[in-house]
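Two versions of one and the same chain are coming, encoded as structure tokens; call them structure 1 and structure 2.
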Structure 1
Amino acid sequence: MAEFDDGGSVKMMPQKTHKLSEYALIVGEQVIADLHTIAANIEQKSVVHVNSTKTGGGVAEILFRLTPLMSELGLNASWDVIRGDQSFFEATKTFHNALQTGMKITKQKNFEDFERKTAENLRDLRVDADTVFIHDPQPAGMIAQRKLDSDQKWIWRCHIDVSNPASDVWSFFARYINKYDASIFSAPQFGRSDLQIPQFLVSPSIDPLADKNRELPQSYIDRVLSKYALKAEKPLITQISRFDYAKDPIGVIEAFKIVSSHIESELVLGGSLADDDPEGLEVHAKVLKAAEGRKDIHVLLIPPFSDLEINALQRASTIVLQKSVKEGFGLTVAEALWKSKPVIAGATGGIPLQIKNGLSGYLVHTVEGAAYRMHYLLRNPDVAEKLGRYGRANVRQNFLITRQLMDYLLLMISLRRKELVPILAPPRVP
């Protein structure tokens, strides 16, 4: 959270959560009234979310905001974390990579470390509520605490892409997951035909009131531009992403080089670099090499917790790119669309849920495709404006935190009705 003085200087405050009434200004009173009506229909009021960290990462971020909103709606909502140690987190990181890439990289020791720490958590942490949301693989083993003689509902909420998992890790987890009442995935193609429990689609969301997305004074945006030596008068093309091959930063530079030979513009590739991610360092080095000698390509290392600066860079952009070749959901796309930016993005993961090609942005498959679309939008600002406007409407309708809250409430009700609908409807077209 931050406060600004008139000159765009910023005084940092701890991040804060918001009341539902504050969201009414954005999504309308009716959505808030609907949330209250639906929550009032939930008879089993206690709900607990469990994941593996209180800080860092998108899951913690959304639980930090969602839990108080559930409480405000009259639910007895809480959030717990399991404890881990180094060997446990090494194991779960290996599982994460194996599940997302399909690579057989897991050792027997990883499974043993996971089971040992899970047993400790089962001993030390009591998970007890009418509805239990277990987030991601790390706490999946907590299902052993399910009270078999009760009406408890346990839901496994998967935030990662398990469409092509390493079979050893997937079958290890499927033993846990099949004991749940239901599972939730972020995109239709992440669902699993071999699960024996109902699967629901609930896309992630962004918080329009968070520092990453809220309105900013122009004076602050200007300060960020001058901090990074960016020229406000030239078109600015931006991709904000971890330095990761999946985000195709080299492809972004190649596409930009094609466009900038016709239209003078600037490229920002901004992202963070974790010391413990050797691949990130390698990708960053390759990006620097590809940008060598180019004053119009700005490779920015953005420290963690720079939400306001990321917000400002997205807002200052003429076009936002997310040229991923593999993606989970792609929250940066929703973030940019919410700022009414025309977005050109890879047709992968959850991105096609957010972008209807030619209506709320452009989907691309190649460097040449990205270059063609960039060139077209720079030459046709009226089209860029329309894509941005429609993109924002789409995010307002489908990808704000209030919609995710609504989906969770509906799921809690749906699981206790006989007429269970296994897959929730895909996003609505505004």
Structure 2
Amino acid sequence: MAEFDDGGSVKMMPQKTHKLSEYALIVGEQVIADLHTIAANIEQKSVVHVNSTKTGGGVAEILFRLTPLMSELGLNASWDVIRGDQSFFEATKTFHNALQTGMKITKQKNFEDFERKTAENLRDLRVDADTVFIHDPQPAGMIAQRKLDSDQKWIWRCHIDVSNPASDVWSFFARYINKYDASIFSAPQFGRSDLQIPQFLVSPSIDPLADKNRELPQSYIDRVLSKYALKAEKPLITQISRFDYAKDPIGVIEAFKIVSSHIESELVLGGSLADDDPEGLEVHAKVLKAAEGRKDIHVLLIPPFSDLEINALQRASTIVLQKSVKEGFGLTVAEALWKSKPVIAGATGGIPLQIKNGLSGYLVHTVEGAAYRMHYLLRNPDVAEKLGRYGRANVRQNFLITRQLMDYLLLMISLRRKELVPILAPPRVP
């Protein structure tokens, strides 16, 4: 959290969450009233979320904001994190890649390391609530703590694309997942026909009041540009994401080199390294190598909790990229759209739910396609402005945290009814 003086100087404060009433100016009073009404009808009040890291990536960001809002609605909500070591996170990163790409890249040791650390977490971390949300594959084995003689409901919340996984890894995890009461996926195509439990669709969300998305004074934006030696008079193209092969940062550099040979501009590749992603340093080193000798390419290793600087870089951008070749959802797209920026992104994962091609941005499949769209928007700023305006409206309708909170509350009620409606409606077009 930060406070600004009149000159744009910033005083850093501890990270802050917000009251539901503060969202009323954005989403309307009726939405807030509906949340209170739904929560009042939940009799089983204790809720716990479990994931693998407190920092880095969209899951941790969502849980940091979502858990206090659940508490404000009268639920006894908490957030726990499993513990891992290097071999465990190397194994889960391999699983992550195998589940999203379908490649058979895992070794027997990966499964053994996962089971070893899961056993330790089962011993050391007590997960006990009426409703338990387990986020992603890393803590999936915690289902062994489920009390079979109770009315507990365990939900596996999957944030990645498992539509075409490596069969050995999926078979390994399906043994755990089929013991849950329900699963949640971020996009319709991520669902699995071979799961024996109900499947729900809940798209992730952004917090419009968080430092990463709130309005900023222009003086602060200018200070950030100056800090990183970025020239405000040149068009700025930015991609903010983890240093991850799936985000295709090398492809971003290749596309930019095509565009910059015709239009003088600057590229920012900014990202952080997450605790549960040991591959990040390797990717970061390769990105630096690809950008070597180019003063118009800025590779920024941004530490966790640098949300204001990320916000400023996105707001200063002429175009925002998210050229993923594989993606779970890609919340950086929603973040940029909320700032009324035109976004060019890979047509993968949950990104097509956020971008209506040609209306709020462009979906691309290749380096050449990304370069073509960048060139077109730099030459046609009126089109870029229209795309950004529509994109913000789409995020307001579908991808703010109050909508995700409502989906979770409705799911909690649904799981205790005799008749389930397994799939929630996909996002609406405003």
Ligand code: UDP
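Everything numeric in this text was worked out from a predicted model, so none of it was measured. Please note that residue numbering is based on structure 1, beginning with 1 at the start of its sequence.
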item: Pair member that is the form predicted alone; value: 2
item: Location of the hinge, rigid-body rearrangement between structures 1 and 2, from 205, 222, 36, 340; value: 205
item: Rotational displacement of the smaller rigid part between structures 1 and 2, which moves against the larger, in degrees; value: 16
